[in-house]
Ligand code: HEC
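We begin with a single chain expressed as structure tokens, specifically the form predicted on its own.
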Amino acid sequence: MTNQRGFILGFLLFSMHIGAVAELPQYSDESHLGVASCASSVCHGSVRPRSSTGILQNEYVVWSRLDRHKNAYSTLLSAESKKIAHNLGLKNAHEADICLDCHADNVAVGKRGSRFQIEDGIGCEACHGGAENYLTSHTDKGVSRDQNISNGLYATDQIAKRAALCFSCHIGSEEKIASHEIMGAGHPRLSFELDTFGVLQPAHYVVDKKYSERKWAGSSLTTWALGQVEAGKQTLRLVESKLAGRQLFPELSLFDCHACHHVMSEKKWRQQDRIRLPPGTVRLNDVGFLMLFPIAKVFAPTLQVGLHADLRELHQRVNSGGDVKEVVMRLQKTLDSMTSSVSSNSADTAAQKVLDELVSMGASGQFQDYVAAEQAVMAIDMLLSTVGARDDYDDWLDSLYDSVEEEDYYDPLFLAEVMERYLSGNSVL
């Protein structure tokens, strides 16, 4: 349980159109100079954090010693990756763009500086943008942050941009996706939540007064809520781009894996109100939408009815092969409104309400799908921390993580039973 728990844990709007992908560092115009250009001890390579400047200056050392992104490329040299590459008919994984797009800073060859090394994996510029035009200016006090952003610095503090960057690999984008073919070859199922996985990264910055004066900094609850809305938007983009005009077999990675991959003798199908599709249906993976329900109820209650109706219609249109564009547009408008509602409210005061709503959903059996339960457990952990009650519910939280320890044997009834303990007051042991 502990390993699984460690693994799971381990405000600008942007366009829905494909053009938004071009803003990501991998596709930008600026050249990438390589992590060696950031590694000097007087820049970001200090062995110890410093307090004399606005940054810690040990960012390179934190990344090189602690950050799993550094090992993204070396993963492609593993026996598992070699097997996946063989199954896909590739010469190898470490030279294939389909793998390098998410396991390295795979910019075009012509945009690689003399010190750039693809072997560095997900390095500084993969997230912060090609440093060609800002390498010298970003340390100049006379140059504003907006000017540096214009010069190619990627604004990772802005939730929409951070989400677009992280989701491009951890959910998929129009340009790159862990397709059903790739997963069929052996690639693990993707699991991601913006706030939780962000918190788990070894911090190479401190959110203090100076940081907040220069950048956006929100609480975990606000980051989670906005991240869930952006995940919904990204899912809509994928549905529109990958399922429109589909062939006999659509891009199956967008559907719920466990709708097909389960033991045939298990009879645990239940009608779900948000879907209303018959047994045997290959269901759209709606994990990018499910957490929106408690967010809407607390932050934007007037949007609840339309959100439920439109998501149900999206499921039905995808299932029937119908045109999804109209319902996608309605949902995008709803999610834009939700972004505004979350951004304009004091999120932390709503933490207990969101927590109670999530637990109530779980206790009533609304998390039938494993991916939904997984997201709910991560959210509940964060919410308990936000309300200052995590230590009080530690044993109960262990039981929650136990309920999602093995996805192939996930039992929604057990999860509902654990959730009910919280509501009945039997969760504090």
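Not measured: the values here are computed from a predicted model. Numbering starts at 1 and follows the sequence shown.
We do not show the form predicted together with the ligand, though everything after this point is about it.
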Inset, instruction - May I ask you to choose, among 151, 81, 223, 339, the residue with a heavy atom within 4.5 Å of the ligand in the predicted complex? - result: 81
Legend entry - Heavy atom within 4.5 Å of the ligand in the predicted complex - the one residue of 132, 256, 310, 357 that qualifies: 256
Inset, instruction - Kindly indicate whether 59, 90 and 211 are, all three, within 4.5 angstroms of the ligand in the predicted complex, using heavy atoms. - result: yes
Inset, instruction - Answer with yes or no whether residue 188 is in contact with the ligand in the predicted complex, where contact means some heavy atom within 4.5 Å. - result: yes
Inset, instruction - Flag residue 317 as yes or no: does it have a non-hydrogen atom within 4.5 angstroms of any non-hydrogen atom of the ligand in the predicted complex? - result: no
Inset, instruction - Indicate whether the ligand has at least one heavy atom within 4.5 Å of a heavy atom of residue 124 in the predicted complex. - result: yes
Inset, instruction - Answer yes if any heavy atom of residue 261 is within 4.5 Å of a heavy atom of the ligand in the predicted complex; otherwise answer no. - result: yes
Inset, instruction - Specify the contacting stretch among 226-234, 91-99, 290-298, 329-337, defined as having any heavy atom within 4.5 Å of the ligand in the predicted complex. - result: 91-99
Inset, instruction - Could you list which residues of 178-204 come within 4.5 Å of the ligand in the predicted complex, counting heavy atoms only? - result: 178, 180, 182, 183, 184, 187, 188, 189, 190, 191, 192, 197, 198, 200, 201, 204
